[in-house]
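Taking the form predicted on its own, here's one chain by itself in structure tokens.
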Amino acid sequence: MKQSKKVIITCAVTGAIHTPSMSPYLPITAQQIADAAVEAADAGAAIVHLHARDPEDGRPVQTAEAFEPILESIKQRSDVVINITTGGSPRMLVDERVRPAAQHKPEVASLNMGTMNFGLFPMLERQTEFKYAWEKEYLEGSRASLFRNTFADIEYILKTCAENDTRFEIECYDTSHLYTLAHFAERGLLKPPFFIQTVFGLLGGISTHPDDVLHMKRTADRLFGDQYRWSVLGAGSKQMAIAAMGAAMGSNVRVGLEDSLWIGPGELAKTNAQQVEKVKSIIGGLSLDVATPDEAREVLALKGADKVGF
């Protein structure tokens, strides 16, 4: 992989992992999510990764209509690259998950590369009181369910979005996911440069040990050579450690309240922008520069903000 001196920061502003009772700072409404995305962009994020939530109780929702006010508000106020999830939440099936990206045709959409255990239930050890009835069952339900991303599901997303010229943020939670990407690349359903997001620290996926980070990089190097652009994200308390490790090895980085609610030990992040500022200081400490949205577009060979469907 060719190393760039410019590091692309992605900020995932709300996600579908954390529930509203875990932090009063988690964006819930369309306005809160849009404001958080713009603030993250102003702080230095070149890409914002978006999920939507029900404004009444904060549960994940995945309708094109729910995304519409978020997308419009961000686009009016920022030139940041917008990335729409096709992961949705582990409770959703693929035809529901793909609809927002299929309709809105973003520059980037996420794409998970394999069915996996996706264990959120350990959060119940520290979160015992909930504002909404759905939260506890949602977390406990991950003990006996799968996050489904079969070969057929992945192919369905790729073919549904084939005419959109959307670049995928390819989320790889383990080594096998890199080989699944290679399979779809060999079939011509995914084309380089591949934007590979290696995910560390979620229960059911690869861990955060430095050897695991190196292993994922070595495997991607061997499979894809200079045809991919690497990014890392660390879950929970390992967010900044993984970002520092990856950036030192030439990766781009992802932060945001989807991946971690924290800014330091025992201290909740009050905004997504706080995490962007912190990782930006780490990048600066490594004598690296932060990429602008247009520089990210060039590195990832994106179609441009004028070619989206919103």
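Bear in mind that the values here come from a model prediction, so they are computed numbers and not experimental data. Sequential numbering from 1, following the sequence displayed.
What follows is about the form predicted in complex with a small molecule, which we do not show.
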Which of these stretches, 99 to 107, 165 to 173, 135 to 143, 122 to 130, has heavy atoms within 4.5 Å of the small molecule in the predicted complex? 165 to 173
Option touching the small molecule, based on a heavy atom within 4.5 Å in the predicted complex, out of 82, 202, 94, 178: 202
So, residue 87 and the small molecule: in the predicted complex, are they within 4.5 Å at any heavy atom pair? yes
Consider residue 233 of the chain shown here, and say whether it contacts the small molecule in the predicted complex, taking contact as heavy atoms within 4.5 Å. yes
Report yes if any heavy atom of residue 17 sits within 4.5 Å of a heavy atom of the small molecule in the predicted complex; otherwise report no. yes
Using the partner position in the predicted complex, report whether residue 112 sits within 4.5 Å of the small molecule, counting heavy atoms only. yes
